[in-house]
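Shown below, as structure tokens, is a lone chain in the form predicted alone; questions about how it binds or moves come after it.
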């Protein structure tokens, strides 16, 4: 088992994981003292020990691939907890409201990204990719912030979670189409992949509703069995989703929905929450490992323009979504603020862009995505933590 720096200066194994978590939590601890949200600080901790900062000055660093699987576990567990608090019956009952809110979200935010891509000369394919990066909110960042701030049981949680689910379903189709286009194919080439991914997710949603209550007794009576078997179910199903081209995050969500509908909900939530928090730190720090500050600085202008346009656009579309759900203006504003952070899916699109044979797309879009995610994750979590001040400024604090 490798456990130290190699001749190339990379850290591996337990040492890499330990240093990554230590760096992320140390930066977060410093930031917490001055009131900065922890999520972007975990990312910043990863930047410091990654190949683009520590590696660039000759210090041992951590390659993103070294902790990729553990970062994926973090995403799955974050979405699993999102599903635990969500009811498929409520989702179906609110389908008209959800469809309307999701349509507003898509048709307001995706064009903003497309416009930014065209404005900076990235062409139709580049604009399509930037549209996806700007459109999709971060389920992982938002879920953690909802839990940390205690919003998870508030009225705005329903439109927020519903919009995230709708976005994840849209992005499953989007990613299948983007893979074909980046490789030089046509939209028609992506149809089989889209059909398989959607079929898997629909089957999983049905299983969560029908089979999960019957399978719950088999998860075990002791805490040890409950944790290990629940984790096994979540990871196996999420892994299968990845293998058929569907989102592991959405799969984790539906596993959570299924278990959340059983009497095991409270015990599972209590026993697995520490695992979720630990793996979530690895995920956010992994984002930092991928961040090259020099490359991000080179696309600072597009990042700033995109953030300036897309932040208010997300607040607007989320606010309209809250109104569709019949929330007050204060709760609707919170819905919009909660949807501002971008994260894991934007980075997945960036990784896809990096494989493009077009050198401009392969070079510019990954740097743009990382910088944009960092800015929006910080701005979004800060906006949520300062929601009360923003409500007073907007004149809706008493509603």
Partner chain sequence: MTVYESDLPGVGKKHEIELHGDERLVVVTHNTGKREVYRRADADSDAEKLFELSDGLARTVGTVLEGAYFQPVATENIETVLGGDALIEWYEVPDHSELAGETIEAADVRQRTGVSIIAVEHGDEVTPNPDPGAGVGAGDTVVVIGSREEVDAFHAMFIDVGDGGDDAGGTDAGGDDGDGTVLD
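Bear in mind that the values here come from a model prediction, so they are computed numbers and not experimental data. Positions refer to the first chain, counted from 1.
The next section is about a form of this same protein that is not shown, the form predicted in complex with the partner chain.
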Every residue of 147, 155 and 161 near the partner chain in the model of the complex, heavy atom within 4.5 Å: yes
Among the candidates 238, 109, 143, 137, the residue which, in the model of the complex, approaches the partner chain to within 4.5 Å (heavy atoms): 143
Heavy atom within 4.5 Å of the partner chain in the model of the complex - residue from 72, 85, 167, 292: 85
Non-hydrogen atom contact residue 334 with the partner chain in the model of the complex at 4.5 angstroms: yes
Touches the partner chain in the model of the complex: residue 52 (any heavy atom, 4.5 Å): no
4.5 angstroms heavy atom contact with the partner chain in the model of the complex for residue 328: yes
Contact of residue 90 with the partner chain in the model of the complex (heavy atom, 4.5 Å): yes
Stretch in contact, per heavy atom within 4.5 angstroms of the partner chain in the model of the complex, of 147 to 155, 280 to 288, 307 to 315, 124 to 132: 147 to 155
In the model of the complex, whether the C-alpha atoms of residue 346 and residue 277 sit closer or farther than here (change of 3 Å or more): closer
Cα separation of residue 266 and residue 344 in the model of the complex versus here, shift of 3 Å or more: closer
